[in-house]
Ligand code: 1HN
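Given next, in structure tokens, is a single chain: the form predicted on its own.
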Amino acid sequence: MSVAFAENPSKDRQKFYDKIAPQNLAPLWEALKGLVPPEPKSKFVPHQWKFGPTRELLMEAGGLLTAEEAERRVLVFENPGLPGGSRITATMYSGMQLILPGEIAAAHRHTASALRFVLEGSMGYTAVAGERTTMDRGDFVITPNWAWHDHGQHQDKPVIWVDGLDLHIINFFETAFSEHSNDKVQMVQKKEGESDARWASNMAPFDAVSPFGATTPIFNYKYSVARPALMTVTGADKPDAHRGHALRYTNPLTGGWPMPLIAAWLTHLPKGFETREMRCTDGQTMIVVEGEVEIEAGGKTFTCGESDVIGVPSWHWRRMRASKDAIIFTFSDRSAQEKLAIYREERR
């Protein structure tokens, strides 16, 4: 069968496209470059949220509605590359949450896994699966997938933390579920510290299985434990040229990342240290815990102090310089990418 080529290809091709569109068909050759680009080109941009101004607005929100009215009183970090998308990077949701004295954020559960990184206050708590843990500044607290959780506090000062959730991965797969408890606060059935005794003391029960499936059985990685470990490594080793001194949080049962879809780690940069450039396919959210650091990303330079939050999208060159000794908490979708065998990084 011979094929006659059109005398006016552009016009005839458009007629053909118009013909196949009602059949819910599309020409791959027109879409191929966008579907299979030579390298990632994120629509998201590096951006910084300064703690001071964000905290002021969060406290103002605290005077406008209660935690009960809001369910979760949070200001969402909206990446300027996608306004209204409730995304700090392509796959991650993040925001800053406030619990005022005596308040309770009522119990619920959802398919998405969540983390909390505490910025301000003490004596706040999260309850997960019948056990409460007291949260202090710098603590990395986990809410596993589909676990009941509520928050509250017993002091006379506000408690503020950063939330990070894998919501947009869950929603991409259209697997999101949620449920509200009939009880505002779940019944506490375990002594505080029970999970640490079982899992966080280089010990584990025989035939150990995490009660949270693929998520770590530890749900509060205390900063009072993590910081000394990081600083001991800092004193013993030279910093990596691209990462500085870094220790990752792990699941004690597997040695892998603590959450199925979210990776998290702590970095120390000595005063005056400057990393070399690198870029990664994971979208990263960084929180400065201590000190001051300049972060160059995507051609922008951000001067970041304590409790500032910075979103760095996928495949953006970044470099860090510490003007003071700095400790940075980072979370990203690297855990998910490694499981899918798509994570990649490049160093200069």
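Please read all numbers here as calculations on a predicted model, not as lab measurements. The first residue of the shown sequence is 1; numbering continues from there.
From this point on, the text means the form predicted together with this ligand, which you will not see here.
Of the residues given (Ala246, Leu165, Leu75, Ala200), Leu165 alone sits with a heavy atom within 4.5 Å of this ligand in the predicted bound form. In the predicted bound form, this ligand sits within 4.5 Å of a heavy atom belonging to His110.
In the predicted bound form, this ligand sits within 4.5 Å of a heavy atom belonging to Gln97. At least one heavy atom of Arg116 is located within 4.5 Å of this ligand in the predicted bound form. Interface membership of His268, defined by any non-hydrogen atom within 4.5 Å of this ligand in the predicted bound form, is ruled out.
Comparing 211-219, 147-155, 255-263, 273-281 against this ligand in the predicted bound form, the single stretch with non-hydrogen atoms within 4.5 angstroms of it is 147-155.
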